[in-house]
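Shown next as structure tokens: one chain only, the form predicted alone.
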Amino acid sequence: MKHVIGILITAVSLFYVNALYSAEYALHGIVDIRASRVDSANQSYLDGGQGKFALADGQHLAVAQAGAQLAVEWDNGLSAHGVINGFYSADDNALGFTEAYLKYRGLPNSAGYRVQSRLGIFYPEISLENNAYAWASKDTLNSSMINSWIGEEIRVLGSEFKVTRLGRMNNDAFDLSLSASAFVNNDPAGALLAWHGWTSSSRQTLWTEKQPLPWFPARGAGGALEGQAAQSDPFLEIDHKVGYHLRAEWLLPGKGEVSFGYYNNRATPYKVVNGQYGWQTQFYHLAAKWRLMKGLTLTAQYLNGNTLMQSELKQDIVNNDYASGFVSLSYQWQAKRWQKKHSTTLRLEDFSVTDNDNTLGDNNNEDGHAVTLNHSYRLAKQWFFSAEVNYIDSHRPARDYTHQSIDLVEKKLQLAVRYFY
């Protein structure tokens, strides 16, 4: 598998070199600098704790994201894409690739059908929030819990094929798309969701980056998970089985869209390599975005699934059902005095994990809700100032393993200057 990744990166690099002479290219990105105040009695999940935010309790000044997105396009419909992201704070320092893929976008045929495909490392089409450069979100600073998890554990090395029936060429008001992906390198996905629960941040896991796990008794000497590595490697191939993702989308141009998808990594749940287990992770996702009136947009998303990890004797060690959903309203308006655009977003979330196994010292049950309120002001064409408040109320019994409160309310205030180029 390492050879496949090497060949892919080499091919993309050659395309970039060739692009300097024979193709059009564009470089875009984001620089997001934030001052934050976090109120939490638990350690950040990025430090191996059970807190819901990427930053620990206290005040922080950080580069929340420094992302660069290079696209090279040829006149035959082929293009190459590479995304680099960096994150810097007193507790978190990382820089690397998050996506690298080749894309083909064909012209519609006489029947009004268009074919698209991707090959490489990419995010499956799931999020409606992360619609800016380098997978940033336009409307909020922290992604929803659904898409925070996608950014942390769901990334694939594979291929995607998409067919779109264009309404304008078939006397219909809507477009209809169907897509299918086949992929590898996502077998441990589900471990982080099980062991630190749902989280809220804008932090994306870099390709090949590992993330720390919290301590719990089952990971101790003699526990059922004694052999588990201290860090999870979510983008790893363990059993050489191919997973898949299916998605359908109905789009009414100028009004809104509805999509439905199913993801299954088909991992072997009792296979383990160097302390990294296969997690048989599957989920359905449903999303909708609709323009209610001028300036007012409703976005909603729901995800429901299951993840299973077993011992080498095929006995259930972790068997979790999980679900999360959110509804958000975004209103864009213009103050007459300054003639500048404002945007206000309110997001309400609910989340849960249900532990179905009987493993001692590994209680993964969780439930809670979250509220996010964001206001953004466009300072200039590419400059934005944002203020955001995040509130999370969660019940998680696993916190008792480290003598923390099972019921926890966490708050975060963020002020950000964002530059999109």
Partner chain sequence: MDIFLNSKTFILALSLLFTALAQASTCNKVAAEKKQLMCLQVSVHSHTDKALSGMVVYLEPLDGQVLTKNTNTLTIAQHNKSFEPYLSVSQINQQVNFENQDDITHHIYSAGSDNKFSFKIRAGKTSANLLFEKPGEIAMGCNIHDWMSGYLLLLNTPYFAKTNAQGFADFAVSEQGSYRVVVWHPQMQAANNRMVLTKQLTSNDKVSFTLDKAMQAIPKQESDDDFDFLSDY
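From a predicted model like this one, the values you see are computed outputs, not experimental measurements. Residue numbers count along the first chain shown, from 1.
Keep in mind the form predicted together with its partner chain is missing from the figure; the text below concerns it.
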- Consider the chain as shown here, without its partner, and state which of Leu246, Leu166, Ala229, Leu329 has a heavy atom within 4.5 Å of its partner chain in the predicted bound form. Leu166
- Of Leu346, Ala300, Ile84, Ala132, the one that lies within 4.5 Å of its partner chain in the predicted bound form (heavy atoms): Ala132
- Item | Complete contact of Gly106, Lys255 and Gln382 with its partner chain in the predicted bound form (any heavy atom, 4.5 Å) | yes
- Message: in the predicted bound form, is there a heavy atom of its partner chain that lies within 4.5 Å of any heavy atom of Ser22, even though the partner is absent here?
- Response: yes
- Consider Gln69 of the chain shown here, and say whether it contacts its partner chain in the predicted bound form, taking contact as heavy atoms within 4.5 Å. yes
- So in the predicted bound form, does any heavy atom of Thr205 sit within 4.5 Å of its partner chain? no
- Query: Heavy atoms within 4.5 Å of its partner chain in the predicted bound form: does Lys314 have any?
  - Reply: no
- Partner-proximal stretch of 306-314, 238-246, 150-158, 166-174 relative to its partner chain in the predicted bound form, 4.5 angstroms, heavy atom: 166-174
- Task: Give, in sequence order, every residue of 280-298 that has a heavy atom within 4.5 Å of its partner chain in the predicted bound form, or say none if there are no such residues.
- Result: Lys289, Arg291
